[in-house]
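Below, in structure tokens: the form predicted on its own, a single chain.
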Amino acid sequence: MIRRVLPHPFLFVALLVMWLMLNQSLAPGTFVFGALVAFGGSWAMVALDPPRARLRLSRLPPALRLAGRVLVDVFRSNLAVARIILGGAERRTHSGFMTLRLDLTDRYGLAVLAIIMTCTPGTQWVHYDPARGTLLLHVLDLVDERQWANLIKQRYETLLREIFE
């Protein structure tokens, strides 16, 4: 019955909570408007009709390992980017683009990898070519392309494949 009115109830709750947190208010008007926004967002997902993600409880340990790695890497990258920005001009000469062939094909796994690459300071997901399975990535401190490729494939891609494929 609830799915007829609210097709994605978890999304509705998540959007409503996010709205209330962003507005830092529990006023009735804020709550009602947030509920309307969440209701619209929930019905927008029906129009998009995404395929269901296949997550199982057995995939929780690799997901937790991945989350831990990402937290550590984001912290390390923040320090490295601060050193580059605050350092001399010689530290800023190594930025560039690199192409990386990915074995990961699951759309949700690719989305998570895009989020990881974008939220990690010093790296930016630029373009993914699904026909060739290649990722164009911008790296702030690109000294050794192979080292970056190995880092991404070993630290992230293997766990993402274990979780999503």
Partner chain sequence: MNAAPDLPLWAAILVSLLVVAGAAITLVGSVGLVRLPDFYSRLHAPSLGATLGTGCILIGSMLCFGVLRDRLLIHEALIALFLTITTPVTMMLLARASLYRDRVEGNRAAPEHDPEPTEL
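Residue numbers count along the first chain shown, from 1. For clarity, every value in this text was computed on a predicted model and none was experimentally measured.
Heads up, the form predicted together with the partner chain isn't pictured, but that's what we're talking about next.
With the partner chain omitted here, the record of contacts in the model of the complex names 132 to 140 of 44 to 52, 27 to 35, 60 to 68, 132 to 140, defined by a heavy atom within 4.5 Å.
Heavy atoms of residue 39 never reach within 4.5 Å of the partner chain in the model of the complex, leaving it off the interface. Heavy atoms of residue 109 never reach within 4.5 Å of the partner chain in the model of the complex, leaving it off the interface. In the model of the complex, residue 149 approaches the partner chain with a heavy atom inside 4.5 Å. Though the partner is left out of this view, residue 105 does not reach within 4.5 Å of the partner chain in the model of the complex, counting heavy atoms only.
Along 13 to 33, residues 18, 21, 22, 24 each place a heavy atom within 4.5 Å of the partner chain in the model of the complex.
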